[in-house]
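As structure tokens, one chain now follows by itself in the form predicted on its own.
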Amino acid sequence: MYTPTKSAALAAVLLGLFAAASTTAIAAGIADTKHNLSVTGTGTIKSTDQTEICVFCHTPHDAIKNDNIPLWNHTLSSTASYGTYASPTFNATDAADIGGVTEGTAAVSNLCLSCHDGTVAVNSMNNPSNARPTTTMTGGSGAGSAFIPAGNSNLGTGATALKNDHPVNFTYDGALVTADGGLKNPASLTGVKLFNNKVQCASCHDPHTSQDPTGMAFLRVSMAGSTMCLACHNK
């Protein structure tokens, strides 16, 4: 039989569980990652005055129009070429350089490179915040301390920028699986994501969260036991 005391204790336990679950959900989102560039961010590069988190990449109004882009707000890079991955064992035939695009032709990977090639300030937006039109940054490099500095996060530009990285912007389909002989059928992929049947940066990286315990790599699948690699590669 429940008593008021027992009921109160049960309510307290349930409230605690709910709070713990809520904390976990919040921790799994962008607010607790380096992509939170607002004043509440915990990364090196952050704003000293912008309280909005999503505005650095997205806007509900006056977004850059492109079917690949989810209400995109960040200024795209004008870099002419990043190069493409090249290897005798690479069987994709349509891997295309993602440099030199327009707003209408930008691929998903161009969104990542609009910050990560180091040429565009992270606070350069198509439609600045109405509440705070000016966004001041700290912790970065270059003018306004707003550019990604040299390092692992800065992939750079030029014909060799992406030549030594995992290939992107190529079609992953049954024909490629047959030609390669070591890839899983695209219909059976788990964790990773294709965009219009193409592999892009965001196929392995989720800009909003991470399965990596460090929370730094924005991985869609953990690297433990090479799970990320084995999501596609049947070795």
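Keep in mind that what you see is a predicted model, and the values were worked out from it rather than measured. All residue numbers are counted from 1 along the displayed sequence.
There is also a form predicted together with a small molecule; it is not shown, and the following applies to it.
Exercise. If you check S129, S153, N126, S78 against the small molecule in the model of the complex, which one has a heavy atom within 4.5 Å?
Worked result: Going through each option in turn, the one that passes is S153.
Problem set entry | Exercise: L183 in contact with the small molecule in the model of the complex, heavy atom 4.5 Å | L183: contacts the small molecule in the model of the complex.
Problem set entry | 4.5 angstroms heavy atom contact with the small molecule in the model of the complex for A106 | A106: no contact with the small molecule in the model of the complex.
Exercise. Does the small molecule come within 4.5 Å of any heavy atom of T135 in the model of the complex?
Worked result: T135: no, not in contact with the small molecule in the model of the complex.
Problem set entry | is_contact(H166, the small molecule) in the model of the complex, heavy atom dist at most 4.5 Å | Flag for H166 set to yes.
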